[in-house]
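Next up: a single chain in structure tokens, the form predicted on its own.
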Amino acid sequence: MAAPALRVVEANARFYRHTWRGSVISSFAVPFFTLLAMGGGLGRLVDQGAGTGRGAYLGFIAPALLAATAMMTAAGESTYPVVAGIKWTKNYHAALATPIRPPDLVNGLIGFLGIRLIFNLAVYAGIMVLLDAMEVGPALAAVGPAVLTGVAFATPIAAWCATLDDDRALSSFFRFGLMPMFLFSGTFFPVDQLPSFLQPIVFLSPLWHGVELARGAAGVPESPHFPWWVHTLVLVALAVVGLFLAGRNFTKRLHT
């Protein structure tokens, strides 16, 4: 990463040092209580019934929730903050008054998001171990695919948000885009339990590829669905194309 992009990472880290308390609930409390409810409540019922066919239910959903948390965190950091930086607070314009260029700005924003994802998801992995969802090794192994999932969402979303004139489309994006992916990308139940005509649609979901990679890394039986490199290639392609489009859109928007 070039020096100007590292300055953007540093600036975001300094800002986050004063605002991190506002993310404690979403980053740490929500994962804890979600896993506790799923494992201690719903998980017991699932395990007593037919189950998933892929081990204990808590161990099945824990790595999937890791990937889903990365998606939601990345979406939160690449939607409203991007629109704000361009339209409302104008802090992106202020950054461009320095030697920083729009691509440096994008690279720095994504770089800091990656660092934050690594930290947050490592804590999440610790919570998984604490709740006996899985051992330390498998829990930490799932962090890497989850971080890749977050980056694969962040770059194209940031590229799209750089083209918006206001935030009216964002609520619909969360409601009709991210939430259905969260619920129907194999996070809570195997995709093969869906009607056969719906399964190919799920295969188009980036979150599903992240979920499958995270489960495979954590050693969940019958995961990943496709060879690991197929899932990885999809996520890497999304991240790279999104990064290119974000750099182009930021340049076009901030230089007009």
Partner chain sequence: MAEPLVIATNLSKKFGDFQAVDGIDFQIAPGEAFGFLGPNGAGKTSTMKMIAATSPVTSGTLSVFGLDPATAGPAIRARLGVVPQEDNLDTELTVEENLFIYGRYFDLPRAEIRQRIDELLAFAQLADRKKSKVDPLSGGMKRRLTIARGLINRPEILILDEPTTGLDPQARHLLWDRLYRLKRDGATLVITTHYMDEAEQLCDRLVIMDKGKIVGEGSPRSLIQEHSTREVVELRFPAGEQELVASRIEGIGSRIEVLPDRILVYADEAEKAIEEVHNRGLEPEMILARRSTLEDVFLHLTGRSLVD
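Everything quoted here is computed from the prediction, not taken from an experiment. Residue numbers count along the first chain shown, from 1.
One more form of this protein should be noted, the form predicted together with its partner chain, which is absent from this view; the next part is about it.
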Report summary line: Of A75, L117, A95, A162, the only residue with a heavy atom within 4.5 Å of its partner chain in the predicted complex is A95
Report task. Mind telling me which stretch in 171-179, 142-150, 86-94, 119-127 gets its heavy atoms within 4.5 Å of its partner chain in the predicted complex? Result -> 86-94
Requested in this report: Could you confirm whether I100 comes within 4.5 Å of its partner chain in the predicted complex, counting heavy atoms only?
Outcome: yes
Requested in this report: Although its partner chain is absent from this view, report whether L245 comes within 4.5 Å of it in the predicted complex, heavy atoms only.
Outcome: no
Report task. Please run the contact check for V241 against its partner chain in the predicted complex: heavy atoms, 4.5 angstroms, yes or no? Result -> no
Query raised in the report: Is V236 close enough to its partner chain in the predicted complex to count, meaning some heavy atom within 4.5 Å?
Result: no
